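To begin, one chain is listed below as structure tokens, in the form predicted alone.
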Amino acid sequence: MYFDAMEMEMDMHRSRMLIDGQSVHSLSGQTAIIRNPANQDPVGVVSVGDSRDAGLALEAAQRALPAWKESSPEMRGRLLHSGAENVLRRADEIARMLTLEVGKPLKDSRREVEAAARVLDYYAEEGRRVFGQWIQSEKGRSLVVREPIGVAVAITPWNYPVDLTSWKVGPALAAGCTMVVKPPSKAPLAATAFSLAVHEGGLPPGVLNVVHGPGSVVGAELVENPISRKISLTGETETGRWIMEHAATRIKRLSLELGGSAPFIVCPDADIESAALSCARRAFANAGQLCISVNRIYVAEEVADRFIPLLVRGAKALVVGDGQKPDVDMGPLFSQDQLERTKEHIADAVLKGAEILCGGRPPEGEEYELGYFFLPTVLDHVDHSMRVMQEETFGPVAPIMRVASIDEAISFANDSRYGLAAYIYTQDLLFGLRAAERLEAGSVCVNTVSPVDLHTPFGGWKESGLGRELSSSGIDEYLEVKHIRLGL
């Protein structure tokens, strides 16, 4: 809901945009209130831009591009390191903003901010390793060099707004691109604070810009404006499809990390206790609002009656509450829409024969009445006719399907339009490797639920996206290849 800025006199954090090195209000003067999903308390007032603000930010990035492109990798690296130090100095403040606007536990918010600083430090050094090639042939010589694409755009989501902003800002700036960031409309506070901290580490004006506003207006301008040459999105598959269509008119480079529906396979020989503990951790982290969350569980029939009680025990042990409280493991869902989607998926599954083993409802008590809270939920006897196995719930639901064989489990796992992450637990590592080769996903984990590693590429297959982030692959996404031929 939007308000006139003059009407807002409450003591809340005020978040402006960053354009050409200046912290500015939107041209329209429009603002929005950001509310805490745990209790609906107002926590911030944010300037809301439109296409004009987006255009100004792109123009600023375009003006800054020549000098930034020509600067040395060493200089860019020093400034990224400085930005990382600045982020860590403000980590408590940024983490608190993050918890207030998205609801996640404060300890998780702090880890996210620290991880974002590490990403900046990584690319500060990776930018020094962008090398070319000198190729000798019979009739001449060839020099192959890699140069920055130009002005890049980052469109980031609300579930991990700080970390995923760093995944784009770090490699783009290290490569010599300038950038415009559009944080999530309903959770822009922490991502903007992070970007400001990076800018204030010493970046020249216009190298890093931030514009707030709805994707249908601000995002559309950033995608369609001819100034932008590269678009990086983490978001829904439908949004990615729209961006592909509209970026195609000017053949822009894209990195799209989109939806997921990660399968979790439990083999007969798995360490059942370890598998159940890991499954609970990945299914209910961030209230299930994670693109690599466990969405579908396939358990070998012969071990299902051992695995399921352990998973239920892990779900029941989680403390649900306001993320500001130190003992909380799982905060609220982000919005009423997420809450309703979770309820709808559970209701559909129950209607078609699934059984609720725990959760399945909001927690009871006065402290939960105003928030979007929902208990960690385990469903048994699910099948592929149910929405919860076909669509990304993005909520704290762990649906279990018993399978006769692991071949059947792999077939079901691959029966999805998504392919971001997959998990399999077995004590036979050779079998696990062979199974991983058969699973259709960008990241496959054997006996772990941690597919994200700063040093390895991350991204999806099928409708989970294209392109890769993190590792040296992440910086390659912001570089063009040029061949210079020398006739001798």
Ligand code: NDP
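Given the structure is predicted, the values throughout are model-derived calculations rather than measurements. The first residue of the shown sequence is 1; numbering continues from there.
The same protein also exists as the form predicted in complex with this ligand; that form is not shown, yet it is the one meant from here on.
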Just to confirm the contact call: exactly one of 390 to 398, 306 to 314, 172 to 180, 127 to 135 touches this ligand in the model of the complex at a 4.5 Å heavy atom cutoff, so which is it?
390 to 398
L164, G215 and A220 - do all three of these have some heavy atom no more than 4.5 Å from this ligand in the model of the complex?
yes
Hey, in the model of the complex, is W158 touching this ligand, heavy atoms inside 4.5 Å?
yes
Against this ligand in the model of the complex, would S185 count as a contact residue? Criterion: heavy atoms within 4.5 Å.
yes
Even though the partner isn't displayed, in the model of the complex is L420 close enough to this ligand, meaning a heavy atom within 4.5 Å?
yes
Does any part of T239 reach within 4.5 Å of this ligand in the model of the complex? Heavy atoms only, please.
yes
Of L258, M330, A413, A117, which one comes within 4.5 Å of this ligand in the model of the complex, counting heavy atoms only?
L258
Considering I243, I346, V294, V151, which brings a non-hydrogen atom within 4.5 Å of this ligand in the model of the complex?
I243
Would you mind checking 223 to 238 for residues with a heavy atom within 4.5 Å of this ligand in the model of the complex?
V223, L233, T234, G235, E236
